[in-house]
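Listed next as structure tokens is one chain, alone, in the form predicted alone.
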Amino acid sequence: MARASADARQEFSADFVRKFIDKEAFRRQSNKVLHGHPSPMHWKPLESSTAQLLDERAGYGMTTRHEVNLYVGTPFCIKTKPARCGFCLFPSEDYEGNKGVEAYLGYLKREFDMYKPYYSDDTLSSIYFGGGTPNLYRPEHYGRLMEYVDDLYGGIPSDIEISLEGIPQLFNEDKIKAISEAGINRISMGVQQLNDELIKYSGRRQTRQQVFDTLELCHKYNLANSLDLIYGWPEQTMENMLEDLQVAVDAGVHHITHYELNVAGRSDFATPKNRSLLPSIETNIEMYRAANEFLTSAGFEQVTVYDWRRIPEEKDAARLSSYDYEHNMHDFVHQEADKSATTLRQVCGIGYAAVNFHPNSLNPEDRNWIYMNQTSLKDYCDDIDAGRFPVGRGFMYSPKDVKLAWLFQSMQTMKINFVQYMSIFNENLLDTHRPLWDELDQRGWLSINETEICFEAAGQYYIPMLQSLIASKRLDEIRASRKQTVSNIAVVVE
């Protein structure tokens, strides 16, 4: 590889890069699917009120073109033993019956109304009903949810992707029919395992047949469909994993999210008693490689580290295998090839634990931020009863943070367009991170062409680790700043 100029500013030394990778490569990867910068563990209550931020955002919209991915959150999940299916780290509340759902929908409508002065002029690019478990709703609720969106935005574009999450055992024909009639056009199923014995580790009462039945209904009602499957599961073998992938392909699934088990935090699978049942890291890397080879041979195209789409035989079928809600964010600073226009793609979240991601401007003097709604349903409802936006915590981005957020999203796609990065941020990425690229090149984890840095082999598997490496110095600054703030508060109290 060509060497950087002697006076180029470099973020890390070669020694730091090598030691970081040697240390972290033997730890299990976490946040494989949704690894953004910075982690919510670094967020805190914002000093500006939500209304102030939204007023400020409206001003930015006059100078910068924005597109919006709308997220609508659902709090409820069926109780399982172990809790949260053993592995999930997302916020949720136990489902206690339809009375709680009806009450929540009332609060959700009130939050939608609170956003009318701020979101009604936005251009919708996609909609995602997530959670939690949105197919806990009754058939009549899906039309109501879409009415909330339609009322806020004054109409929903007819050609956008509208996704809804769910688990196999809660779908039936009445629900699928109601979902389709409401205008939702994509189903994302959290399956995790198709093996009836292995899925028992999650505490779910789920069968392989329920997955097949739901996929058949999706095909019947012309709904795009996606399955989440996990590798590195307790007692899972290579044969189990490949059999699940074969079964999914044969069932005609359009899109597969195939990711490594997230072993972290409070999850039951992270406890010592269950860690002993997990495949080794070396086995997980081999599973990643074998899955990629299989899916490629089966007519699928890899789009991200964990994300596979069936290559459509006809142009009109491309919508079925797309995942616009996520892929729009991989290109959240979208620049036309001729640089004639730049569009900033945002996430506007409404509902329990929903996230609002607002890259508003590329001007270093302007402000960009992210914030999350309350992750306690009681706090969420209390805020709305008090007439407050139900925001819990967030983070204000520095210009460096915007660059890192862009890099994190790009790295998920296993490549970084350093020419585009230079055009957007006026920085030579090859120079600033040269020791990293050199180290990865020596390990056979990376190649560089005229426009892109491409992650290869184990370099793809270790992208979460490499994201952490790239952000490590900035995270040290964030931690130091928080410690200083806490110290200052303590002095004032004393």
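It should be emphasised that the depicted structure is a prediction, and the values quoted were computed from it without experimental measurement. A residue's number is simply how far along the shown sequence it sits, counting from 1.
Another form, the form predicted in complex with a small molecule, is not on view; read the next lines as being about it.
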Next item on the list: Considering the small molecule in the predicted bound form, find the one stretch among 149-157, 186-194, 216-224, 390-398 with heavy atoms no farther than 4.5 Å from it.
Entry: 186-194
Next item on the list: Verify the contact flag for residue 87: yes if a non-hydrogen atom of it lies within 4.5 Å of a non-hydrogen atom of the small molecule in the predicted bound form, no if not.
Entry: yes
Check: Would residue 383 count as a contact of the small molecule in the predicted bound form, using a 4.5 angstroms cut-off between non-hydrogen atoms?
Finding: no
Margin query: Check residue 228 for me: does it contact the small molecule in the predicted bound form (non-hydrogen atoms, 4.5 angstroms)?
Written below: yes
Notebook entry, point to check: Is there any non-hydrogen atom of residue 417 lying within 4.5 Å of the small molecule in the predicted bound form?
Noted result: no
Notebook entry, point to check: Here the chain is shown alone; which of 165, 326, 331, 268 has a heavy atom within 4.5 Å of the small molecule in the predicted bound form?
Noted result: 165
Note to self: Only one of 232, 359, 131, 349 gets a heavy atom within 4.5 Å of the small molecule in the predicted bound form. Which one?
What the structure shows: 131
